[in-house]
Ligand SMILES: NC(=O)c1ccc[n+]([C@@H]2O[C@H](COP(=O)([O-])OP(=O)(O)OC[C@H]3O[C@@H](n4cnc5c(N)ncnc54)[C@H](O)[C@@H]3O)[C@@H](O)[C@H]2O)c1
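In the form predicted alone, a lone chain appears below as structure tokens.
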Amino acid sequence: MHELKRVVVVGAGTMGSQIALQTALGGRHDVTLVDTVAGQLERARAQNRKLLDRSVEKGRLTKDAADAALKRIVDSKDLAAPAATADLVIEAVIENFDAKKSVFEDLGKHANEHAILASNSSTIAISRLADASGRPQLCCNMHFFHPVTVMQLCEVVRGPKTSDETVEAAMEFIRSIDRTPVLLKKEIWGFIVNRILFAASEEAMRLLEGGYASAEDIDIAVQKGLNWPMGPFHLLDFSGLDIFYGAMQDRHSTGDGPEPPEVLRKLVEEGRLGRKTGKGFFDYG
């Protein structure tokens, strides 16, 4: 098992930028963050700077360690060059099958022949993407959780063609950046956490649609009765209703679940996407 020293993260959105930052904070890896959207790399660097400054202010990190971590991340608008020498490439683009498949096709052309290719998808199993790379034995899911610099868990999912060596290297990499890996021995839509979360969230929405209780009271019941730190509706608003809706549509298209609830569809169509738009199930004013 070779050490995954040179890491490339594709996609400098919220998840990709924080995966790159957490990797850099580990101090053992060279990190390249890739994005082709104008200004996105600059926005990612500014956001990571804010996260680091906050950690310094709270005494969780020294200023020297924060500066060193940020310097360890190299920005690139080109995927081919850094992928050619990478030991690990983590795809973290938008949660859309076609977009992710396109990245894996590019990696099949440009990535180091020994590089592990991982997808940060929260629901799309690696077997749907791996063949596009031409090297499915080197592909797996590495599903980090938002915010990556706070949440400890990473779900590693092996596909039907993923090698034992790939799984072992992926698990060790997660540990090396101070995160906790769990392994799905067989892939399934939504993996572990999202299958449980989706079941609870769907039931909460059915209760709301049926007029059995308000969103406020359902959230209180779950918080006080199940000891969740956040109720299902506040959690949906925090994560983004459009993301949850898209994932439910994708699951329905695979035949693994029902259509999204009507209440969710209406909110998304109205542009009420949760905290990021100021309104979702709740109004954040």
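In this text, all values refer to a predicted model and were calculated from it rather than measured experimentally. Here the rigid core means the biggest group of C-alpha atoms that line up within 1.5 Å when the two forms are laid on top of each other. Numbering starts at 1 and follows the sequence shown.
FYI, the form predicted together with this ligand isn't displayed, but the following is about it.
D35 belongs to the set of residues with a heavy atom inside 4.5 Å of this ligand in the predicted complex.
Although the partner is absent here, E95 is a contact residue: one of its heavy atoms lies within 4.5 angstroms of this ligand in the predicted complex.
Mapping the unseen interface onto this chain, V103 counts among the residues with a heavy atom inside 4.5 Å of this ligand in the predicted complex. Under a 4.5 angstroms non-hydrogen atom cutoff, this ligand in the predicted complex has G13 among its neighbouring residues. Of the candidate stretches 201 to 209, 139 to 147, 174 to 182, 82 to 90, only 139 to 147 contains residues with a heavy atom within 4.5 Å of this ligand in the predicted complex. When two forms of a protein are overlaid on their rigid core, residues whose CA moves 2 Å or more are considered shifted, and V56 is not one of them between this form and the one not shown.
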